[in-house]
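Subsequent text provides structure tokens for two forms of one protein chain, presented individually as structure 1 and structure 2.
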Structure 1
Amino acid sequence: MRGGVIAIDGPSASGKSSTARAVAESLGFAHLDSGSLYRGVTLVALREAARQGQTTGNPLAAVDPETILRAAEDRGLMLQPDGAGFTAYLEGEPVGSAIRGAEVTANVSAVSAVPVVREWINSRLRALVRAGRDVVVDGRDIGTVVFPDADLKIFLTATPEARAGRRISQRGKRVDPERLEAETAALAARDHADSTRPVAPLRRPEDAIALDTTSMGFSEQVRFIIELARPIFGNA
């Protein structure tokens, strides 16, 4: 029997991961951040490309996807139980900030458009749910492709400027007009790549509840989802 599933999808910097983590903690579920695995595979791809002498740009120009996935397995890229949720590990250590760098962010959309990469990650996410854990999973295709029978589906959005402002603040920087313009453009490029790829594009699942968080506080959006979840999971 599979565990309960809450799917949270949405564009970059819509607050999916932090919201998913807080909802999971409150309900006693485990949080699965699918983006951390896409970022982990991209980090492995960049390291493999560097071994081939290509130190910048799309790693797929230097290494084929099968080699990347073999390296990911050899180096133990996986989600491991860690407190209330799961954390991406690589070479026996939590990957931490290594997957949040500019180089990974610039190349993750290209790597995640590759079908075998998606299959590799999806099979890992599904295995964790088959093991019976109740989970909150966040990503781009969780409610459409990975868990189309999720018990509750949320689609988080916010205006591009609000999302860009949050991402800049997360980095501890001041939100000035120049940074806001550059970050809004970077997010728009990634949203475009994620929404227009042929395999598992970012889109709102028809049966998802849309939540625009542009003018919502963080605790308000977390509470909103928990209120939706309680009647579904009863004792949660």
Structure 2
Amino acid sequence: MRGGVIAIDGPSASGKSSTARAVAESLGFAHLDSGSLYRGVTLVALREAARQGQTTGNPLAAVDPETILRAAEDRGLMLQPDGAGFTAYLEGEPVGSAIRGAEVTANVSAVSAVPVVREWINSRLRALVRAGRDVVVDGRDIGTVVFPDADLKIFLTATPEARAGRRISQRGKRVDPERLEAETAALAARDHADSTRPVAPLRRPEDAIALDTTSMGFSEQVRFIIELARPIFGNA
């Protein structure tokens, strides 16, 4: 029996993951973070590259994607239910901290741009829903590629300046003009790269509801999505 799906897409630093997690908790759904699997594959790629003697740089220069995915399967990379969401496991152990490290973060974009990697991960995300899990999923191509038939699609956005300020604050830094200008430029460049990439580019699904959170508080945007979801999922 297929589970229900709420797809939340949007540009970098738009608050997709935190919003998806809060919506899932409120509705009793599971938060399915697609980024965890991409980061897990990147961790496997880095470890395979290290086995080949490469300790820095893009791991794809040392190991081909098919080898990386075989290693991911052999080592049991998967998402396991964990409270209101899922945790990435590798070789039977949770790797939540390892996949958030600086080296994985620096390489995950390159790994996630490989079509065969995206297909491998998408098939696993869909399998969780086919098994009957009600999920809130966030990413950049969830409503267009991964779950084009999602029950509810949201496209989160905010101005680059607003997103930059939030990201700086999350790092515990002061939002001064110099930091804000640099972070805004970085996000604008990331937006352009995500929107023009040849594989699964960032774009708003035609049937998605746009939600501009530039002037909204976090609880307000979460409540907005919940109110949209309740009529669709009944008493969820």
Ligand code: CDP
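So that the term is clear: the rigid core is the largest set of C-alpha atoms that superpose within 1.5 Å between two forms. Only a predicted model underlies this, so the values are computations on that prediction, with no experimental measurement involved. By convention here, residues take numbers in order along the sequence of structure 1, the first being 1.
Participant: Could you let me know which number goes with the form predicted in complex with the ligand?
Facilitator: Number 1 is right.
Participant: If I superpose the two forms on their rigid core, does the C-alpha of Asp151 end up displaced by 2 Å or more between the two structures?
Facilitator: No, Asp151 moves less than 2 Å.
Participant: Rigid core fitted, is the C-alpha displacement of Ser36 between the two structures 2 Å or more?
Facilitator: It does not reach a 2 Å shift.
Participant: In Å, how large is the C-alpha displacement of Ala193 between the two structures after the rigid core is aligned?
Facilitator: So the C-alpha of this residue moves 3.6 Å.
Participant: If the core is used for the superposition, what shift in Å does the C-alpha of Thr184 show between the two structures?
Facilitator: A shift of 4.4 Å at the C-alpha.
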